[in-house]
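One chain is shown next in structure tokens, namely the form predicted on its own.
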């Protein structure tokens, strides 16, 4: 019984047999998916929208609206989290049976912190992309300067060699 190391290629490879002679003979790629789709049994959407805390059934602890001071709110929630953790430690020492409410409050603060941080992701992505592009521009300018410097060195060497050949 013979076994193959690799499976046979998919049947659509034949659509690309003339690609080296005529690149336009290959079929067009499928259009991008829009809306909802199913992948591995789960529903996904192409709309990249962060659901609000209310949609998730979580009480929002910071002010609503488009003009949120993220730095101030994150600091405020962080201080509140620290306070609640200290209160939890106190409750665990004094009244251990009443810890559940404190844990729920801490969980609520964590969910709000997490939501605030997730709402900053698009800004972070833009800033990262800008930084990457600036680094690429800087590297390309350095490469151009290096090429210019080497070109001048080559010209000097050519002039010196021509002068040496003419002098002899």
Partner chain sequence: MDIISQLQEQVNTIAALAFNTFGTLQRDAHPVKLSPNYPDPPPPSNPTEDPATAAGNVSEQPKLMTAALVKAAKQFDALVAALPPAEGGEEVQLKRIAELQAENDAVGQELQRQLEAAEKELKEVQELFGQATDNCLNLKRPD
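Think of the rigid core as the biggest set of C-alphas that the two forms share within 1.5 Å after superposition. Values in this document were obtained by computation on a predicted structure and should not be read as measured data. Numbering follows the first chain given and starts at 1.
The same protein also exists as the form predicted together with the partner chain; that form is not shown, yet it is the one meant from here on.
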* Asked: Looking at 40-48, 27-35, 106-114, 56-64, which one sits within 4.5 Å of the partner chain in the predicted complex if you count heavy atoms only?
  -> 106-114
* is_contact(residue 151, the partner chain) in the predicted complex, heavy atom dist at most 4.5 Å -> yes
* residue 71 near the partner chain in the predicted complex, any heavy atom under 4.5 Å? -> yes
* Asked: If you check in the predicted complex, is residue 85 within 4.5 Å of the partner chain, heavy atoms only?
  -> yes
* the partner chain contact at residue 126 in the predicted complex, heavy atom, 4.5 Å -> yes
* To do: Any residue of 131-161 with a heavy atom within 4.5 Å of the partner chain in the predicted complex counts; write them all down in order.
  => 133, 134, 136, 137, 140, 141, 143, 144, 147, 148, 151, 155, 158
* Determine whether the C-alpha of residue 47 shifts by 2 Å or more between this form and the one not shown once the rigid core is superposed. => no
* Tell me, please, whether between this form and the one not shown the C-alpha of residue 127 is shifted by 2 Å or more, with the rigid core used for superposition. => yes
* Asked: Does the distance between the two CA positions of residue 137 reach 2 Å or more between this form and the one not shown, the core being superposed?
  -> yes
